[in-house]
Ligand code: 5HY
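Shown next as structure tokens: one chain only, the form predicted on its own.
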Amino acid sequence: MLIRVINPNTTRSMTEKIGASAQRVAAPGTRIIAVNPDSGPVSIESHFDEAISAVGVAEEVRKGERDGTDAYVIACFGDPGLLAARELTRAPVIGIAEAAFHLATMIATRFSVVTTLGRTGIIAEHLLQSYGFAHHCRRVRAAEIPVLDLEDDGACALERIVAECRRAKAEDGIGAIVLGCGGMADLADEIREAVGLPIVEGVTAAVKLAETLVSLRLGTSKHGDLAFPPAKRFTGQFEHLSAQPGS
């Protein structure tokens, strides 16, 4: 089984960390390819960042289709470009926020999300509503850490995340915590030990869900709105997209 894990930002060190976390939980025989776009934001911390990065996600899915990829993981907690990516392939495409929310509801009746910045916490709240998990989530909390601090100042970032998770445990009446950033992929075990609650991390959750869907021969439906995009002409810098896969 080949799973393409797409870090939508362009920070290679984060991509490598995400790939290592994904491979660590993958089943024997599952091969992980961790990639990021060549162009786009170095971190994703706004709606604008997400809009730009979604193009890179689509490009990486197009590459994966040529390589015979069995499933895709979008390793950013905003799940940028998720539905567009699903249009481009019959393979399962899993966003890490969606995956983490699903798994958290299977182990606890209530959970909180601990993310990086307050403004991206609002984006997480939008996803909770659109995915139908808002009634399970008690609170979205921000440790107020810029995403790249997870790369540049890891020890300090971990300390602040643990402190916010402990506050969530003490104040929110929850049974589990969801980590709200793909850059936290390597921190789940340390946080779990420090906090004493189940910690759901989206990259690893998405990999296991992707493996399950492939094993069950469940791919993205091509009936309805996730059918391949209609063939049409693109212009300018997107002219190469005129030939859509599956069209």
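Small disclaimer: the values here were computed from a predicted structure and weren't measured. The first residue of the shown sequence is 1; numbering continues from there.
Although it is not shown, the form predicted in complex with the ligand is what the next lines describe.
Here the chain stands alone, but in the predicted complex its contact with the ligand, taken as any heavy atom within 4.5 Å, falls in 111-119 among 111-119, 155-163, 83-91, 168-176. Contact annotation: residue 64 falls outside 4.5 Å of the ligand in the predicted complex, judged by heavy atom distances.
Residue contact check for residue 202: none of its heavy atoms lie within 4.5 Å of the ligand in the predicted complex.
The shortest heavy atom separation between residue 36 and the ligand in the predicted complex exceeds 4.5 Å. Contact check for residue 9: a non-hydrogen atom falls within 4.5 Å of the ligand in the predicted complex. For the partner-free chain shown, just 75 of 57-75 comes within 4.5 angstroms of the ligand in the predicted complex, judged by any non-hydrogen atom.
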